[in-house]
Ligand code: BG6
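There is one chain below, alone, in structure tokens, taken in the form predicted alone.
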Amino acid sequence: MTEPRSDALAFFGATGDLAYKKIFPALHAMARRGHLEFPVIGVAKSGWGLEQLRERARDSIQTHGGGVDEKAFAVLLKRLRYVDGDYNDPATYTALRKELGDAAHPAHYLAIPPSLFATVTEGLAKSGCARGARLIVEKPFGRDLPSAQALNRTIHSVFEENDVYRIDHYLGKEPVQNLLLFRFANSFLEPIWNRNYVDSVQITMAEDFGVQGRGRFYEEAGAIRDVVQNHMLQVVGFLAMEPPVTTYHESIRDEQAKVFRALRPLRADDLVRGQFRGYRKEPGVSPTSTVETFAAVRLHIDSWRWEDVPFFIRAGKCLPVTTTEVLVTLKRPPLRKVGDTNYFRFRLSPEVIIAVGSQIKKPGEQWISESTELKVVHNPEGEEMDAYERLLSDAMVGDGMLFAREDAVEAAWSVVQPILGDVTPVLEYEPGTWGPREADRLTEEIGGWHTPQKSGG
């Protein structure tokens, strides 16, 4: 059964930071491709009018969208409307219903704090705006398992699960999708992609900058909630999932959820938390903060494929480089004279690199091997689609493959729930280092952490 296309988009939080940095550039890109064929209604409480929102959109696209294409921007202006009002006021939703006109399948995008989800969902229901509609929800989806379950109950009081699209923008990134395709489109991987050949898996998400003025937000989040529970576990899911059934559109999400359910809930001895020196002096940060800006965890997947293969995640701010990289290390060959092990290395950002570590004979009389790396740098031709453009386009046509499903979200929270809060001390580390030295104990069994190099390596 073909899903109906959404025939209007209302986005709440139209004057906010996310709309400025991501949503307006995505809408502009859709217009440039000829895909913006529906009215777009911004909703916010700012005392603005439509003209101010138009100016905000132009500035947004100029600053964060790579420059204004006047032809595409004219299309966006033609589609753009605005409702200014309090989310607690029924009149706001009455005005929205009027702006939606004869739209029978609108999509409502909640680019607002989760504390407002219930208020807006109820307002949409009472005004008739939710009838035949989809709901697009921005992360974070809850702060822990109980709050995520409560949010799901709130949303499901109005919307069916197949009409809910939970955004994790990481799933919309081309390199992350490339990782999934590389796994299943190349037949040489499947025979060795299991516990018989894989020794360990490491995922590093490093940023060489701090909280960039977002101290107040980070005090509520921390590295575990901000990136480990969502982005990093999604990458684990793509690496560890079983082959999807290609004829069934929910199969990728089914396999992701199975991985999350097979992950052992984390314990305190699986975790090392860190905080870069100077974080407590950031605006909006408590001088006695115990929020982590670095987290390293050791994961185990209780499945036939991955039993006894450790997965490691390391994520943090003020580290030496900015990159996201995966290293899948294979088991050592039986001949001890052979040198280092083979591996697959996937760099997901800032550039896309797929590399294979192999052994060749070192020149000379002796039978000694040396390491070499076979590397492919992926430079896509043409304009790459931004994650938000892809996800927004998919949601409007009813394609949920790249969105987090209810059961997967709750299963992911179940994995990290035991380590939320101050279950371990937060250890100070110097900016520009790889976090607290105590994190090294997690990877002692495999010889230490893999250290990604700066761009180009």
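Predicted model only: the values in this text are computed from it and were never measured. A residue's number is simply how far along the shown sequence it sits, counting from 1.
Although it is not shown, the form predicted in complex with ligand BG6 is what the next lines describe.
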Decide if the three candidate residues Y197, V201 and A240 all line ligand BG6 in the predicted complex, where lining means a heavy atom within 4.5 Å. no
Given 122 to 130, 209 to 217, 153 to 161, 271 to 279, the stretch touching ligand BG6 in the predicted complex at heavy atoms within 4.5 Å is 209 to 217
If you check in the predicted complex, is A315 within 4.5 Å of ligand BG6, heavy atoms only?
no
- Query: Looking in the predicted complex, any heavy atom of A111 within 4.5 Å of ligand BG6?
  - Reply: no
ask   = Is the gap between V291 and ligand BG6 in the predicted complex 4.5 Å or less for some heavy atom pair?
value = no
Legend entry - 4.5 Å heavy atom contact, Y82 and ligand BG6 in the predicted complex: no
Exactly one of Y170, W193, F117, F73 comes within 4.5 Å of ligand BG6 in the predicted complex through a heavy atom, and that residue is Y170
Checking R253, K139, R298, H105 against ligand BG6 in the predicted complex, the residue with a non-hydrogen atom inside 4.5 angstroms turns out to be K139
Within 211 to 245, the residues having any heavy atom within 4.5 Å of ligand BG6 in the predicted complex are R214, F217, D226, V227, H231
